[in-house]
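Only one chain is included here, represented as C-alpha cells and corresponding to the form predicted on its own.
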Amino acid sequence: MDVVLENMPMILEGLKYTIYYSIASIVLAIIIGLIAAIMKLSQSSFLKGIASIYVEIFRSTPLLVQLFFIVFGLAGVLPLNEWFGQRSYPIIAATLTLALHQGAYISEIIRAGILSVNKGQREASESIGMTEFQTMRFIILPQAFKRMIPPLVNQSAQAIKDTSLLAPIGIIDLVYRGQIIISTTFEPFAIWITIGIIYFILIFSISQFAGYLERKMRLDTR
C-alpha cells in the first residue's frame, strides 16, 4: 500500500487523461455515429455504400491495429506531425481513432433507434408539410434518442476500456502511468490491482447507471 499511496498523484494524473480521452472520443463518436446512421438510412446508394464501408472496416478490424495505422502509418506517408505538431498529432490521431471505432458501433445503435420509431410518425409529419430534415430533427430523433440512451451509456463504458490501448502507442493515460511506476518500483501486483480497481469503479458505475436508465425507460413507455 505504501507504493500505491506514494505514487497516487501520478496514478490520478493518468486517470485524468483517461477521462479526457474518453469524453472527447465519446462526444465525437456520437456525432460520427449519427452522420453514419443517417447516411445508411438515406435513399442514396452512394451514401449508403460509404457509410457501410466505414462501419464494416472499423467493426471488423482490431482497435489496436487502427491506432497503429492512423497514428504511425499515416504519419509515415503524410507530414502529419509537421502539420499538427510532433506532440499534438499522436494525441489528436488517437482520440479520433477511438471516436471512429466507437462511432461505427454507435451508428448501428442510432440506426436501430430511428427504425424503432413508428412509421406513422413520419407519414403524419409529411402530411402536415414538414420536410425530411424537419421530420428527422423534431419528430424522429427526439423519440429515438430516448430509446438509445441506455445502449449509448453502455457503449461509453466500452470507450473507457478502450482507452487502455493508448499506452502501447505511447499516449499518456492511466495504463501508461502504471507502466512507468512499475518500471521504477518493481511492484507490478500492487499497481496493476490498483489500476484494475479504478477501471472497475468507473465502468461498474456507468453500467449501473445504464441499467437504471433502461428500467426508467421501460416504466416511461408503459
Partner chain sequence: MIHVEDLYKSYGDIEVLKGINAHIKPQEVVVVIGPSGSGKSTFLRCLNGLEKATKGKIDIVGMELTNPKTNIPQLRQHVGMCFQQFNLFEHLTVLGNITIGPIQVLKKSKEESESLARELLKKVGLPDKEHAYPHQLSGGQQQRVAIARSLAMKPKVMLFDEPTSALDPEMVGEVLNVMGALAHEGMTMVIVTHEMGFAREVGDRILFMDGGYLVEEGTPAEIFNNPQEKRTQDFLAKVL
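Quick caveat, the model's predicted, so the values are computed rather than measured. Residue numbers count along the first chain shown, from 1.
One more form of this protein should be noted, the form predicted together with the partner chain, which is absent from this view; the next part is about it.
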Problem - Contact label in the predicted complex: T131 to the partner chain, heavy atom within 4.5 Å - result: yes
Handout entry: in the predicted complex, I149 touching the partner chain (heavy atom, 4.5 Å)
Key = no
Exercise for the section: Verify the contact flag for W83: yes if a non-hydrogen atom of it lies within 4.5 Å of a non-hydrogen atom of the partner chain in the predicted complex, no if not. Expected result: no
Practice task
Would you check, heavy atoms only and a 4.5 Å threshold, whether P142 touches the partner chain in the predicted complex?
Solution key: yes
Handout entry: Partner-proximal stretch of 69 to 77, 96 to 104, 83 to 91, 120 to 128 relative to the partner chain in the predicted complex, 4.5 angstroms, heavy atom
Key = 120 to 128
